Structure formats: structure tokens, C-alpha cells
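Here you get one chain, nothing else, as C-alpha cells; it is the form predicted on its own.
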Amino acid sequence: MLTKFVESYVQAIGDMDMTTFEPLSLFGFHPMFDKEWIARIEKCMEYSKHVSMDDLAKKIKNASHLRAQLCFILMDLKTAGIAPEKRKKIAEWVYSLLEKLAKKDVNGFKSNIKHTHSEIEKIMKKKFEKGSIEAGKLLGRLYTSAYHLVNGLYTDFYTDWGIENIGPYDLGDGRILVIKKFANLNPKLLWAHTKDFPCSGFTIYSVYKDVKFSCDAISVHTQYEGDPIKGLESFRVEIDGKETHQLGVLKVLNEFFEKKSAEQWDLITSLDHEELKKKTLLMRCFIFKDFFEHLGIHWIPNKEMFDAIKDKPWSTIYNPPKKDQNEYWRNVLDPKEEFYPS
């Protein structure tokens, strides 16, 4: 099944310009401590023998996030020069966690399905508000402002930790449910000032009529066929788990995120080279905090990780072609291929 995952992620990457990640590129950053990161994952594998894999998968929570992290691990396995058999073993272990999170379309070719039929039935029994043009536009602005905030909190390439688009779920009669979940918006251990943010997350449940939705392995890569504003039949918003449907409250929240997203971006882009490396290393470990701690592993980066990035420039090991990148990334990601970026 790893072959299908690789193909799905190659499609998600597509013709993406890999030089546009801001304020740093994962391709320049991750190879700096690839061996140390793989050692951490191997430690997780060893410790996982004493816990339930089902419970461990739940500590990740976000299937789209795990797909991204599996992609990064596949890259690290190659740049670290890990032997083929060990590459396969590590990759299959991580993939087994993904299989426990995703209910259908595990590799994320066209959707991000993580709820059972009974779970969706339970959601649809809750109170939904009637859709309107005003509500559709406001929810779109709220999604965009929170999305930009997540970019400032977690960079362009850890975005999935803060945002997950989930669905679509077929409700019959040309209706679908799409869930847009924002989480971890006040990571106080990374950014102390976020302790004053009004919420840690919110979820938008949108029921669309005569609108089609799809996403790829990266769930924020969304596509709509039809008009999602006019086609918004009903919606439900939960802020920190509490129902909140007043448009006035959502407008205030949107204004807050618009302001804070700009401030957060200014903050992260103001960090110098060494500060940015340390912050992003802390970030990569933080997004696995619950996972590591469930295994009894302290989540903070260890000395070896900090030493690996100290006083060093960004890596230049990746050199994909400017056009027709698919074969390059397919060879990089496939653990069976003896292809190494250089």
C-alpha cells in the first residue's frame, strides 16, 4: 500500500513550486537533522511494543497531518542514507498508524474520510443554522484568516497540524457534509503570547447542496465544483466544542484572526537564521507532543538534534527539475527505490 501512498502524494505535490515555502523550506531544513529524526522514530517504534497501536494513532488525531509527516519521513529516510530494509520497516510502521485513522481513501487521493457512518448520523442530529449568502461569505473569510494564522504559527509545511478539511460525506439528495477543523491555535509552549487567544480551535460543519468537494493527500488542497456560497444549505460552528452560530460573534473572531495572523507572520519572519532553525525544530517535535508523551518520550528536541542544526546553512541536497517533477519525487519517496537526492 505504500506504493499507492507515494503515488497519491506525488499527485498532491504536482507542479508545486518547491522554492516558495516561507519563511523557510522543509527541503533545506529537514535534511539537517534527518538521522536524528529517524532515530527518534525508531525509538517510538521500540516503545510502541508496550502500548495499543489504536490508542497511539488517536494521539495524532489528524489524518492529513500524518500523511504529511509520512511524506517527510520517507524523504528523511533517503537523505539520511538508511538501508532499504530498514526504510521499508519504518515506513510501513508509520503507514499502519494512518490506516487506523482513515476510514476510507487511506492514501487521500480524492477525500479525507475519518468518520464512520454512525458518527456522521450523530453529527447531523445536532442543530444546524440555515445557510445564507452572508453566512457563506463570513465563513469563507473566517477560514482564510485562521488559515493564515496557522501559517504563522507552524510555517507553510506543518499547516496540517492546525487545519484539516474532512469529507466529503454523502448525505443523499445532492447534499454533502464537509468539516473544516482548526486546532492547536494557541500553542503556548511555542509562542507564549497565544495564551491570550480567545480559543484553541473551532470547527465549521458545512452542508452543501449541488456542490462537489474533493481534496488530495494534503487536505487543504481543496476543490469545489459549484458555488459553495450559494450552495451552503446549512452550517454549524463549534468554538472549543461549544455551539456558536451568532454571525456577530463569528465576525469578531474573524477580525481577531485577521489581525493576529499578520502580527504572527511578522514575528516569525523577523527571526534570524539560528533563531528560526531552533524555533522550527521545536515546532517539529511539538506537533508530535501527545504522541511522544503517550510513549513515555520527552517531546523536546534532544541535544543531538540541536547540535545537528547549529551554525549551519540550509541544506541544498534537493534539486528537483523545474518541470515534470513527478518522476523525481516518486523516486525520492519510494522506499524501494535506490534513488538519493544529491
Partner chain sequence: MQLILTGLGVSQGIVKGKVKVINGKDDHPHFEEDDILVTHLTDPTMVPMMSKSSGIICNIGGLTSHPSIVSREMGIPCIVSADKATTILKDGDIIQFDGKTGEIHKIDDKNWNMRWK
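Bear in mind that the values here come from a model prediction, so they are computed numbers and not experimental data. Residue numbers count along the first chain shown, from 1.
Not pictured, yet referred to below: the form predicted in complex with the partner chain.
Please name which of the stretches 101-109, 188-196, 169-177, 147-155 has residues with heavy atoms lying within 4.5 Å of the partner chain in the predicted complex. That would be 147-155.
4.5 Å heavy atom contact, residue 228 and the partner chain in the predicted complex: Judged by the heavy-atom cut-off of 4.5 Å, residue 228 is in contact with the partner chain in the predicted complex.
The partner chain contact at residue 327 in the predicted complex, heavy atom, 4.5 Å: Close contact is absent here: in the predicted complex, residue 327 is far from the partner chain, nothing within 4.5 Å, heavy atoms only.
Residue 143: touches the partner chain in the predicted complex, heavy atom cutoff 4.5 angstroms: It does: once the partner chain is placed as it appears in the predicted complex, residue 143 has a heavy atom within 4.5 Å of it.
Hey, in the predicted complex, is residue 262 touching the partner chain, heavy atoms inside 4.5 Å? Yes, residue 262 sits close enough to the partner chain in the predicted complex that at least one of its heavy atoms falls within 4.5 Å.
Since exactly one of 134, 272, 266, 85 fits, which has a heavy atom within 4.5 Å of the partner chain in the predicted complex? Only one listed residue qualifies here, and that residue is 266.
Looking at 121, 258, 243, 210, which is the one with a non-hydrogen atom within 4.5 Å of the partner chain in the predicted complex? None of the others qualify; the residue that does is 258.
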